[in-house]
Structures are given as C-alpha cells and as structure tokens.
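This document opens with one chain alone, in structure tokens, the form predicted alone.
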Amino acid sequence: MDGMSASNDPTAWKPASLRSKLFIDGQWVDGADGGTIDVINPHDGSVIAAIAEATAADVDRAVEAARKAFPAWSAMAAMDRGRLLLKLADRIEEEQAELGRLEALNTGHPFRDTQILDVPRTAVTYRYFGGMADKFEGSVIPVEAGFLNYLAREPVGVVGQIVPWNFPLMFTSWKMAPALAAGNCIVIKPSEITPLSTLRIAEMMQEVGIPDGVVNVVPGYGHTAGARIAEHPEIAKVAFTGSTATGRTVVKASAGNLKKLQLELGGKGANIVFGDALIPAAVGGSAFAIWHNQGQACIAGSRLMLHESIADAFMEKFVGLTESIRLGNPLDPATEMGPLTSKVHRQRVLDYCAVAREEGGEIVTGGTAPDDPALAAGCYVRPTVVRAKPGDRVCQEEVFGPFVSVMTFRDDAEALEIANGTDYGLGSGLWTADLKRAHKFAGALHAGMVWINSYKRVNPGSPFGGVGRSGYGREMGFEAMREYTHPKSVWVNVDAQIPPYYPR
C-alpha cells in the first residue's frame, strides 16, 4: 500500500489505497444511512478520504456480528488466539514505514515520532498480549478442609471500545490486544477525525486470520455511534479514552445494563524539578513531556514546577530548546513538531493563550500560530511557555496542546501542595538526586503513575491509568487482562462430610 512520488519527496507521499468503509462481520460495508465523513490532513486542510459514517444502526449490526463470533472465539485455545496476535505484530512491523506515514498524514504526528514510538509501541503491545493469552492464570483459594475452591477468569463477552484522535494507532492496540487475548469480541469506534490507521489494522487482522466478527470497526460521531456503544444492552463492557466531560456521559449511558466500565480521561500532569536535579536531563525530559505530539497527550507534563533556586537557569535552557524545535510538514523526517490534529482543537489552544493573558500570565514564548507561509493552511501553534499561578485556569484546566504553565516553589511541602492542587490524577514526574525524597513524593502524589528522573515512559507490562477526574481502570499489563475478564469462583466438594442442616 506504500506510495511515493517519482521525486521521492517524502512530503509528497500518498497511500496507494485506503479502506474507507465500515468493517463489520469481516466485510467492508457502507453505513446504513449512506453518510460519509471527510478526513482532513491537518497540515494543509486537504481531504485525505471520505469514510463511511457509522450510526446507531451500524453499531447494532456490529454488536450482532460480535455476539455471533463470541462463542467460537472465546472457546479457541488461548495459545491459538495468542498466535494470531503475534502474527499481527509481525505484520505491523513489516508495514512500519507505511503505517507511520499514514498516521503522520492523518494526525499530524511527525513521521520521526511515529517511526520510533507509535508503530513500535503498537507492535510490542500486540506481541506482549499475544504472549499473555495462554499465561493469564486463575488461582486456587485455601478454604476449609474437604473443599477445592478455584478462581477462573472468563471473558466478559462483547466489549465496546471508544478511542480518541490523539494516538489512534497506539491506543487501538492498548484497547484491542488485551481484550482479544482474554477471549472477547470487539466493536471499536475510532475518532471520526483520525480513523485511517485503525481501519488499516482491521485489514491486517483479516490478513493474519482473525475470524470474521471478532473485531468490528465503526468510525462515527460520538453523539450517534459512540452513544449507542455506551448504552447498548448487549455490550458487556465499555473502554473509553477521552475527556472527563464525555466520560461522565458514558457513565450515565452505561446504567441501563450496568455494564463494566474502564475510563482513561484527562490529566494535568505536574512535572517537578527540584533544586538538586541534573538540569540538562530535566530540561530534555521536560521538553519531551510537553512537546511530544504537540502536547496532545493526557499524560503531558503540562504543569512545570521549578524550585526557585534553579528556575532562572532552567528556563534559559528550556526556552532556548523550545524555540529551536522545527515545525513543519509531519511527513518530513526533519520535522520535530507537526500541526494540531484539527482546526477546532487549534482554536481551543489559541483560546487558552488568550485566557493566560487575561489572567495576567506572562507568555514567555509562543502563544500564536507560526508566521511561516508554508504552514498557514495547517493547524499549527508555536510551542507556548507561560508563567502562571497555581490557581489560574491554565494551571487547572487541560489545554491539551503545545502549552506549558510554569510555576516556582520554595520547599517540598509547597511543591506537593501545588502538584496535588488539581482534580486530575493521571501522571506526574519529578527530577531529583535524592532518592529518599523521590520515593516519598511518589507515594504522596495524587496520580496513577509517577516517573522519577524521566517522563512519559510506557510499557505494555506496566499498568496505565489514573485516579480522580482522570478516570478508573487500567490499560496494559495483568491489570488490563483483569479489566477484560470476570472472576468466577468454583467450589468442589472433594471429601467434606457436611452434616445435615435440617436433621430429621
């Protein structure tokens, strides 16, 4: 499917073909209403493709296909399910360049990032859970003499999965890999803004032999297709990644059949640099924490907290690095920051720049669109550094863009108060040479994940998720397998002599 212009100009790359229909029961089909959605290139505003729009009726078709496929898929030997996921991981690696370019074209991620992060992380996730499929064990519970009590884990059934637009390729694997390894069937809704890599993964799944109906892909709008997934009476679990506001809506919609929920929501990550930190490492790590993927990450280190003793020296280096970042066409391997993924979101980020000014914040750098005419048609925003106060809106609300709020603190107690001073609790980071302090802070931070002398490290074996307004449940690792299974307790009377309860 890889296509390149005769001049081998990487920015002129176009996919040789694209899947643009819904994937239901192993077939590529139009939506029931016949509607389509234009998928836009955020670099220049051009239309990449018109994809079929899924509505509630299409979700119903997909759920029926998944229900029909579930008995055979869940009964398949776990080793055989795992083997199919391992084959899929191999196919993803074979198509690494093509998938990376497709993701860059659709999302605005720089191709450099999709090659070294997005695609490899996707492949390794399928490989991890492919290996996990036949190793996720039950347990035997010690009970009274004469009885055997064992705990088995069973797949929940048909699961609905709703993934956001910021990391569509990677998040699709985080959702689908553990669900499939555990024996579930899937109805997945990628964002209508960035559906192309998910549709390509569905095609690859068919290529490696995953049976029809096991995975169904229904790109559509949240208020139609997404809402139907959340409320559907035959969907046993919904896994949702997105905003906290939409997460609340999913919770309400799920009440009809009391379906199991897993919510990975917003964040406002505190990134704390103490006075004894190694400054060059902290500067580089803090830049990655906020500028990677244009800051469009729930775990972004969007609140940069600096000890007052090193604040000036840190800022000099951090701002210099920020201003050197190369913005450009995401297909260009030299590009270090691409556009935001949509015009609507670009305006949201620029609106927060205005909010920062209104609140008396100092915009140290950025705060506007770039002045390069070659980028004028795209969704670009210069990386923005703002000095602000802990209670300011830009320090409390999720901007979700290349925007970092900088604060200073005097001592450890003030640092912890500021760090825990939001309703979010997803990721936090800290930089210090004092491991006693590091472990103490890791325990005290209100967050599901803490990075020490690093930031935004993820691995398929390590649970990912938050607390508070950041949601509940976990992606990845053994925790994810528990999320996609029910425990069943089985009691066996081996040789217990049970006296009559009603003796006669």
Ligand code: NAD
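From 1 onward, residues are counted along the sequence shown. Quick caveat, the model's predicted, so the values are computed rather than measured.
The same protein has a further form, the form predicted in complex with ligand NAD, not shown here; the description that follows concerns it.
Using a 4.5 Å heavy atom cut-off, which of 389-397, 309-317, 117-125, 263-271 contacts ligand NAD in the predicted bound form? The contacting stretch is 263-271.
Answer for A227 alone: is it within 4.5 Å of ligand NAD in the predicted bound form, judged on heavy atom distances? Judged by the heavy-atom cut-off of 4.5 Å, A227 is in contact with ligand NAD in the predicted bound form.
Can you work out whether W165 and ligand NAD are in contact in the predicted bound form, taking contact to mean some heavy atom pair no more than 4.5 Å apart? Output for W165 is yes: heavy atoms within 4.5 Å of ligand NAD.
Whether Y150 contacts ligand NAD in the predicted bound form should be assessed with a 4.5 Å heavy atom distance threshold; does it? Y150: no, not in contact with ligand NAD in the predicted bound form.
Does ligand NAD come within 4.5 Å of any heavy atom of K189 in the predicted bound form? So K189 counts as contacting ligand NAD.
Listed residue that, although ligand NAD is not shown, lies within 4.5 Å of it in the predicted bound form (heavy atoms), from S243, T368, N420, Q347: Comparing distances to ligand NAD in the predicted bound form, the residue within 4.5 Å is S243.
Note which of F441, F464, W451, F70 lies within 4.5 Å of ligand NAD in the predicted bound form, where distance is taken over heavy atoms; exactly one does. The option sitting close enough to the partner is F464.
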